[in-house]
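Given next, in structure tokens, is a single chain: the form predicted on its own.
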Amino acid sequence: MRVEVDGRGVEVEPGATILDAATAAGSYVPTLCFDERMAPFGACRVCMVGMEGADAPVAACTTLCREDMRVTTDEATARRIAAATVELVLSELPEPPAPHTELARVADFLEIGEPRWQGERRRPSHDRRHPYLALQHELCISCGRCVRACDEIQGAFALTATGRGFGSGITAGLDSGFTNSTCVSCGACADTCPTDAITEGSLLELASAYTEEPGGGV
């Protein structure tokens, strides 16, 4: 079927989403909860786009294409919703996201600087009980990608989403740590995490050593 994205017509297969069409058209749509290896989730509301005939912006990752659909990826209301969502996420973090992270790239694309809302920020809380993986709870934005990667990619079901709102996060092994869970050390959770909330322990140690050296970081 034919779909128009930002004035460019593309052909997509039945069952394709607007995000698929945007990618085919060469239009970048920021996402935080999306990973092409997993089923679309539609939780973060960052991939909002304008769709002709719709009363409000729609989520590109979960909205299916239809014949002759017309989409605008930089529609003003959609972009404002996406930017406000990411700004709220950033306002809870104890520090700006590391430049290499997906969250930082999305924030840069949406031109978000220092969050306007100065509320409560998450306090550092690290779980280093796993021999290979480190969990930095304060960097978790509850996108759900690690939980879904553990379930859908590996089938280990070692991670669980907990809490609500500001107190939300993830836990492993019923909060007894990775080593007492069904984790098989595949690294899928760290690979998909957009914030470094889960990362390889060795990388975290290298980063800490770098910042502690004279002139070695922020």
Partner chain sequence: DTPFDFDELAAEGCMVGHGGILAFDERTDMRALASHLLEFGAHESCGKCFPCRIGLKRAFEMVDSPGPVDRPRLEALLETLELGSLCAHGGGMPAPIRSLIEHFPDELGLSGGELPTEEPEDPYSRRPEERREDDPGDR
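Positions refer to the first chain, counted from 1. Source: prediction; values computed, not measured.
Below, we turn to the form predicted in complex with the partner chain, even though it does not appear here.
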{"property": "L88: touches the partner chain in the predicted complex, heavy atom cutoff 4.5 angstroms", "result": "yes"}
{"property": "Partner contact for E92 in the predicted complex: the partner chain, 4.5 angstroms, heavy atom", "result": "yes"}
{"property": "Contact test in the predicted complex: L32 vs the partner chain, heavy atoms, 4.5 Å", "result": "yes"}
{"property": "Partner proximity in the predicted complex: S142 to the partner chain, non-hydrogen atom cutoff 4.5 Å", "result": "yes"}
{"property": "The single option of C186, M69, A43, A156 touching the partner chain in the predicted complex, heavy atom within 4.5 Å", "result": "A43"}
{"property": "Residues of stretch 116-139 in contact with the partner chain in the predicted complex (4.5 Å, non-hydrogen atom)", "result": "R116, W117, Q118, G119, E120"}
